[in-house]
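For reference, the chain that follows is the form predicted alone, supplied as structure tokens.
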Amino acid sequence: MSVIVRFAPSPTGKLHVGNVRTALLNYLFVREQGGKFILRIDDTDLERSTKAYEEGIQADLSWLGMNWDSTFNQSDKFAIYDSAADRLREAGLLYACYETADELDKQRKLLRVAGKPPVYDRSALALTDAQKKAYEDEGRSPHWRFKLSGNVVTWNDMVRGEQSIDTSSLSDPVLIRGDGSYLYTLPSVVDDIDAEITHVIRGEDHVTNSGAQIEIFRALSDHLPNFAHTPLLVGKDGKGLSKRLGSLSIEQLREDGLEPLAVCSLLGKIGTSDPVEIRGSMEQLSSEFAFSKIGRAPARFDEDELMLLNGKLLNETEYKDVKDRLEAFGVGGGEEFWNLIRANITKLSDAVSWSVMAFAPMTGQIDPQDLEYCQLAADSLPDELDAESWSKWTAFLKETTGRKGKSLFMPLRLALTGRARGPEMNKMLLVLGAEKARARLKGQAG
């Protein structure tokens, strides 16, 4: 069996880490299986869907390295959905309802007061043609519900194991709104049948929906995909991410200078039995993927952990792989400078400030109590520098002043770089050169 999966975002907003994790799990699974990854654009909501959001989704997936094999828009398939709806009507499985939203809300409240589950009472099934006409004469347009069997629907979920949904405990789902527009459920099933989707991989908030959808699958076709419902993403505090999705959009992460492989390494490993570490490629992530590794607890997304992974990735990145991007930032110095600073950056854009520090005129930081020491250091710095200059120079300063440890080295680092931490000073001294270093040690711009 050729594996076919789909990622189905709605172009009504930006992709964020939550729905991208769903995309990633689909992608890693299907690439490991050598199958087909379909990007389905769920744009049946014509008012809220925009081309700009659709293009943004595609840009985000491309940036992350998730290339799709084919794509289509649901807005191009309304005639096919209409045909499926007609088949359900003819089978007596799709029926017209005329209750208003307020009437349905009142019905649910009464059921709760009576201690009963708020399940739709199917009163619309008893309407006569005359009653339906009377409603329509009032100006009411029907919404259409799928008639559930009332049986228990079971399936073997690839993450959660054996699952069962008693459809008698559910309201018959609305498939078509009063204005004739489709909700998610029917178009999704029809598309999964048409595209021969073999595996539906999505968040566990869809588990209950699956009970109803499986019955719609069976009503329309012999085709039924496998299901995998994964735990949802939460913040490091265990709370949902819904209020912070703007800051966690993929577009924002990209603009903030995060590396796509760091994002994918984190999202692909949190909530699994594998260690959360940088992987060298999407192919490696894919080769390690298995549903059996996914736990049942929510996956915790920690931005601090993402930053650590991002820094580690850059620390291991060769100059040739970032050369063009560094040059676009205006960072010079070549491979030698990159190798010097890469262990001290979290995002590639951090290289800009190190470049400014190394190559632009600036004054460092000199504490008043270290003025005399730094002046001595400037006077004793040789004109010609080599790989041994730092150790010989600091050895002379140690012997001359009696300073050692932090009091010996920190004033020099602060005067030369303006920072208390950074690259190895023996190499940084060579980058600065004697003239620039001497000026900064004297409190001058160099």
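Bear in mind that the values here come from a model prediction, so they are computed numbers and not experimental data. Start at 1 and count along the sequence shown; that's the residue number.
Not pictured, yet referred to below: the form predicted in complex with glutamic acid (GLU).
Within this chain, A8 lines the site of glutamic acid (GLU) in the model of the complex, having a heavy atom no more than 4.5 Å away. In the model of the complex, at least one heavy atom of S188 sits within 4.5 Å of glutamic acid (GLU). Taking the partner from the other structure, glutamic acid (GLU) in the model of the complex has a heavy atom within 4.5 Å of a heavy atom of D42. Interface residue remark: R202 is counted as part of the site for glutamic acid (GLU) in the model of the complex, having a heavy atom within 4.5 Å. Exactly one of the stretches 339 to 347, 305 to 313, 202 to 210, 164 to 172 approaches glutamic acid (GLU) in the model of the complex with heavy atoms within 4.5 Å, and it is 202 to 210. Checked against glutamic acid (GLU) in the model of the complex, the residues F329, Y135, Y81, Y184 give one hit for a heavy atom within 4.5 Å, which is Y184.
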